Structures are given as C-alpha cells and as structure tokens.
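Read the single chain below, which is given as structure tokens and is the form predicted on its own.
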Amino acid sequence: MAKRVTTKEKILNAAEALFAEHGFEQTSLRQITADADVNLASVNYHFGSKKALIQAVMARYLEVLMPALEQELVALQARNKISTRDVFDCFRKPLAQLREVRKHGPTLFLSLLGFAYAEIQGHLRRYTMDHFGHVIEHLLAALHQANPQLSPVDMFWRLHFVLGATVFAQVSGPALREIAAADFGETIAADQMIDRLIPFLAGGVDASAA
C-alpha cells in the first residue's frame, strides 16, 4: 500500500518544485497552496511563515548533505597533503546521496542553492550557520590547509567567485547542455555537470594572484 502523503509533505513538495523552477521571491504562498491543494491556514499552521517554509524545504537536503560532507572533510583533513581538487571532490558522494531525498535531488538542491545565493536569502545563511556552521568551518579549514598561501580575504573572494560560477552553471545548465549537444555532440545529464564544474572551480581557487 502506498504511503499516504501528509498535508505538510504536500506543502513541502509543492514549494520545492516551485522554488526550484521560479525562485523564492517569484513564488507566492498562493501558488504553493494551489499546487498543494491546501488552504493558506495549513501553511501557517505547519510553518508559520514563508521564510520558515523555505528553510524547511532546504533542510530536507541539508540534513542529508551536511553530515555526509562533514564525514568526507574530516577524513580528508587527516591527510598530510591535500589539494583544492580533493576538497571539492568531497562534495561528490554527499551530493549523490541527495537522490535519497528526491530522484533528481542533486539538481534540485543546486537550483535551490542558486536562487538562495542570487536572491540574497540572508535568513537561509543564518539558518545554515546556526545548524551546520561546524561543517562550514571544516570546509574553510580544509581549503586553507590546501592553500596556505592565500590570505583570508583572498579566500573570501575566491569562494564567492566559486559560488557565482556554480550558480551560473546551474541556472544556465539546460541551455549549456543543449549547446554542448548541438555543437559538440556531447550528451550530458544535469547531475553530470558537477564533473565539468569541479576541475574549473579548483583551478580558480588555486590560481596565482595577478
């Protein structure tokens, strides 16, 4: 017998699909309630606010991704010598595990992350740091271990350029895949774009200062 979908899950599923396609700012609670076939009172009862709903949508992914990423980073930091590529490769398995959340979990999560960054959802940053700040600290420590020559301010700028490139690759992914197929005969799935992206990101962080 199929598991009954609760009202809360209906709201989360509808919100996730709309957020991933249109972004957080362009998605209204009215759209979410219409797609979920619930009333606004149900959203207020289960989540209280749109910000809390956004956080709950992201939490489904972060609660799977972050513990797995922490495990990868801790194991990596135990090595004497590591590279930036090693650090970014730590994301591969945790991202793949997001398929446990949804069939296209990695792609959906990166789309949500892109909108969160592009739309400056400050409350999500605070939520992430409050709940998973220790994992971010491991990530920064590993990157500094791999790049001791970079100052904190240099690392700040390069990590934000990394985020910018990741957001662009995700938002423009469908168009880029179509061009790659039409011009170069390369067929690549959305989830495989990470294989193209990671070497580029690592190279950017490693680049010598001008």
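Small disclaimer: the values here were computed from a predicted structure and weren't measured. Numbers for residues come from their place in the sequence shown, where the first is 1.
Beyond what is shown, the protein has a form predicted together with the DNA; the following relates to that form.
Figure note: of the listed segments 177-185, 64-72, 143-151, 44-52, the one touching the DNA in the predicted complex, with heavy atoms no more than 4.5 Å away, is 44-52. Just one of L29, A169, A56, M155 comes within 4.5 Å of the DNA in the predicted complex, counting any heavy atom, and that one is L29. None of the heavy atoms of L163 is located within 4.5 Å of the DNA in the predicted complex. Proximity of L159 to the DNA in the predicted complex: non-hydrogen atoms within 4.5 Å are absent; the residue sits far from the partner. In the predicted complex, the DNA sits beyond 4.5 Å of every heavy atom of A34.
Although the DNA is not shown here, in the predicted complex the stretch 62-77 places no heavy atom of any residue within 4.5 Å of it.
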